[in-house]
Each structure stands twice: as structure tokens, then as C-alpha cells.
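Here we start with a single chain on its own, the form predicted alone, put down as C-alpha cells.
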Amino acid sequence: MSFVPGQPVTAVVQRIEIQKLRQGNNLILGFSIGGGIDQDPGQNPFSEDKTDKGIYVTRITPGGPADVAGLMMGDKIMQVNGWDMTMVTHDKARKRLTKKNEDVVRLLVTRKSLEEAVKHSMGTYHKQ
């Protein structure tokens, strides 16, 4: 999926709700992120478009809250609890995900397999 900054984005998304795990004073999500508008998009192994500065899931803790909820490595996070995540810094994304007063994180994510499934069902999928 590629996009032009400032232009509308069309994406196939999936809703994922993660119940944070409480460990002492910490709330655990069980995943790590990479990317952001302040990061080098060329370093992102999950994006074919090396200008994409989106926020991607880079690690999932097996059996953790994100794994149980169905989040996958390589998912691109489009929204967190209604907040747009397509043009944020890495630090802003991290802060949105780790708010102490939120026990649940509702994500909208897109992943390559979702887009391919929709293209295939519409008859526009061409193998290269």
C-alpha cells in the first residue's frame, strides 16, 4: 500500500482490540513498533514502498495480549483508539499506545494478506 502524504488513503483494515496485561504499575501490550515520520523508512523491512513512514508492528510476544488479540508482525497501525497514526513520530505512536489510563487499545490495522484477499475476491489479483 502506498500513499501520498496529505492525500486520502484507501486501505483494507481490520479491527483489533487488545486488553492490556497489568504487571505491577505497568500495562503490557506484548508488541513493539517501528517507523514514524521521524524515522528512516528505508530501514522498514515490512514496507515495499521505501518512502512509507507508517507505524509497523516489528515484534510480537508469543502468548502476550497482542498475540492473543490477533495482531501480526508486519501489521501497519492506521489508528489507535480513534487517533490517526498515519503521520506521527515514533515517540507519539508509542505514547498513544501506552497511555496509563487505558486498559484496552483498539487498533485499526492493515496487512498485506488482507489487501491481497480483497483484490483476489474482486478479480483484480494478478500473480507476477
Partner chain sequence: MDNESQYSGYSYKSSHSRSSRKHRDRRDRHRSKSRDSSSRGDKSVTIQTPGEPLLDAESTRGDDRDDNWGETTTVVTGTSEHSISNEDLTRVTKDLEESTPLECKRFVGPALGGCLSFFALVTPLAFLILPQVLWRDALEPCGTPCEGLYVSLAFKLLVLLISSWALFLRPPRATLPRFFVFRCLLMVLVFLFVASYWLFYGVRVLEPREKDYRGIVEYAASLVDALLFIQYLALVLLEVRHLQPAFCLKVVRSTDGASRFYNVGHLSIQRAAVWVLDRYYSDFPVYNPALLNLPKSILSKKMTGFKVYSLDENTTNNSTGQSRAMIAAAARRRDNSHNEFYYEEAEMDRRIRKRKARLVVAVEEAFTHIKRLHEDEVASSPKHPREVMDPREAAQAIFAPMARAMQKYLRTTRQQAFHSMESILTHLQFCITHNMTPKAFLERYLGPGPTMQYQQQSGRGRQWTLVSEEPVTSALRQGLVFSLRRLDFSLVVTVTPLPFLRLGEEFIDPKSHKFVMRLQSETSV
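Residue numbers count along the first chain shown, from 1. Just so you know, these numbers come straight off a predicted model, no measurement behind them.
Missing here is the form predicted in complex with its partner chain; even so, the following discussion is about that form.
- Think of it this way: in the model of the complex, its partner chain has a heavy atom of just one of 78, 97, 69, 88 within 4.5 Å, and the residue is 97.
- No member of the trio 47, 54 and 106 reaches its partner chain in the model of the complex with any non-hydrogen atom inside 4.5 Å.
- Residues of 41-77 that come within 4.5 Å of its partner chain in the model of the complex, judged by any heavy atom, are 43, 58, 59 in sequence order.
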